[in-house]
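The data below hold one chain only, encoded as structure tokens and taken in the form predicted on its own.
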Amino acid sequence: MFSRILTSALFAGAAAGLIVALLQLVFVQPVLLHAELYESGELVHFGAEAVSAHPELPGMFSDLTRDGLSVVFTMLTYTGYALVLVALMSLAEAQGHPVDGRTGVLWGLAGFIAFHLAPGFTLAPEVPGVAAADVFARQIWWWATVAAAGVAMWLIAFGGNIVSYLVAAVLLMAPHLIGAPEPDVFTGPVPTEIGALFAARAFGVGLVAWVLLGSFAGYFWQSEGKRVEVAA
């Protein structure tokens, strides 16, 4: 069982992570590099002459070390996510629920809600240079929200009764009713348009990432199961 989980997670995480890393380099990194120009003071948004909204930015893989490490760490990150996802898939299958590439899409959507949408609903993705509350406090809130949303997704999928659905609703709402840590004042040199674009692209790439991860994880889990049956 452990070998099946590990193999499925490694293949799914590496495949999804590689695709996601390339999507981030194409769609997310340029927005971050643009924001860094304002953070460093090279570009000024307020109190100066108008600047172009389309400055010349480094191309993809112009910095091989930075971009290469980004690809590697993204693959490792999604392999870690895949280990959690496949382990939960094994529990669901043991309870009689089918797991394959198609149902894996639903698992991926649940993962996106738990890890991206639920915490991002109140603590949105941020560009460099914006005002932010204490990092440790935000990390505690983020992990608590992810855990609550993860449990809620499981209850919605497998609870099967009104009590489970009500508990799931409470778990989804509670972190946002409590509220995430906020800065005392709002400051930052980066234009709000860049921050909005970054948040939108972070959510978009995150959705694609988790759908791919769920589908790959379900496919490889099913494939490994068939291989084990044949070998036995």
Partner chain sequence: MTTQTQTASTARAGILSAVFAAALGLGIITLAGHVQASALHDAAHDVRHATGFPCH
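Positions refer to the first chain, counted from 1. Only a predicted model underlies this, so the values are computations on that prediction, with no experimental measurement involved.
The same protein has a further form, the form predicted together with its partner chain, not shown here; the description that follows concerns it.
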*Exactly one of Val151, Val84, Leu109, Ala144 has a non-hydrogen atom within 4.5 Å of its partner chain in the model of the complex; which residue is it?*
Val84
*Work out which of Ala202, Leu172, Val31, Ala180 lies within 4.5 Å of its partner chain in the model of the complex, going by heavy atoms.*
Ala202
*So in the model of the complex, does Val230 come within 4.5 Å of its partner chain, heavy atom to heavy atom?*
no
*Consider Leu91 of the chain shown here, and say whether it contacts its partner chain in the model of the complex, taking contact as heavy atoms within 4.5 Å.*
yes
*Evaluate Gly159 for contact with its partner chain in the model of the complex, applying a 4.5 angstroms cut-off between non-hydrogen atoms, and reply yes or no.*
no
*Is there a heavy atom of Gln24 no more than 4.5 Å from a heavy atom of its partner chain in the model of the complex?*
yes
_Any residue of 98-121 that, in the model of the complex, places a heavy atom within 4.5 Å of its partner chain_ = Phe115, His116
